[in-house]
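Only one chain is shown below, in structure tokens, and it's the form predicted on its own.
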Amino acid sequence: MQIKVVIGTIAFMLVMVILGVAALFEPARLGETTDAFVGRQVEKGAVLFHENCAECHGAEGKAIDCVDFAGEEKSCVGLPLNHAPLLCGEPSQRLQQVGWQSSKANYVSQTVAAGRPGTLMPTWSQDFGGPMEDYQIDQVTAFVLNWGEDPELCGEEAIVEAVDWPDSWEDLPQGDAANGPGLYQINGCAGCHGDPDNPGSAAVGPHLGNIGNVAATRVPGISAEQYIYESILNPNAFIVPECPSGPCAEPSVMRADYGFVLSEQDMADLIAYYLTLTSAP
């Protein structure tokens, strides 16, 4: 009987030691499993992104270099996603601007799933009539959020800070209209407002081919320069009555992060450029 008790005690102690060792390494094992799962999510999300999203947001998510499915260059109509104001910080600057109360992951996921009404961003989730299942929405979300792990994007010195914008455009540097067309393309303006020389090219926002003439007539007492300036910084400051598809949406669907994206010189150059757009009806 004593031998059985001793054997039982030893067996019990061995089991406890094994369980203790397993418990000791379990957090590391779970961490490795989680990292592997996230890695697979990102890899699969990359494929989905490049097949479905890169045409509007660019292959690198910066909304700069976009091509259509035939391989032809085109204007990027989507917002930049590989972008510090969206991905850096919790909440990030863009989430603060739109008053988002949940997590960054939920913001990206719900935007992908439900789209952006009034814009060219479609719904992607099957719950809203799109082609993707929930797990695919999660994969695309993981891929987009993965850009935020880049220290060059979200390092302490890399996070974009908003310019302390003056109240009046008159306090900006002297503008150079020659830089305007490049800024217009790089910042995705053409995606919504079209080619200033082609009146039928605007997709979402009003065409700007004659903004140099009409800006001064929009709001009594506000100059063309000030109207353009405030409209870029705060898209809801003035809502134009008509857009290509009908009445313009309220609130505005225009990007609200240009205060973080543009420098004072960029802003001055854009205003100077817009004032030259007086030819298209």
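In case it trips you up, residue 1 is the first one in the sequence shown, and so on. Since the model is a prediction, treat every value here as computed from it, not as a measurement.
One more form of this protein exists, namely the form predicted together with a small molecule; it is left out here, but the text below deals with it.
If you check the small molecule in the model of the complex, you find a heavy atom from every one of Met121, Gly188 and Cys192 within 4.5 Å.
Contact check for Met132: a heavy atom falls within 4.5 Å of the small molecule in the model of the complex. In the model of the complex, the small molecule sits within 4.5 Å of a heavy atom of Ser252. In the model of the complex, Gly175 stays away from the small molecule, with no heavy atom inside 4.5 Å. When contacts are judged by a 4.5 Å heavy atom cut-off, Ile222 does not count as touching the small molecule in the model of the complex.
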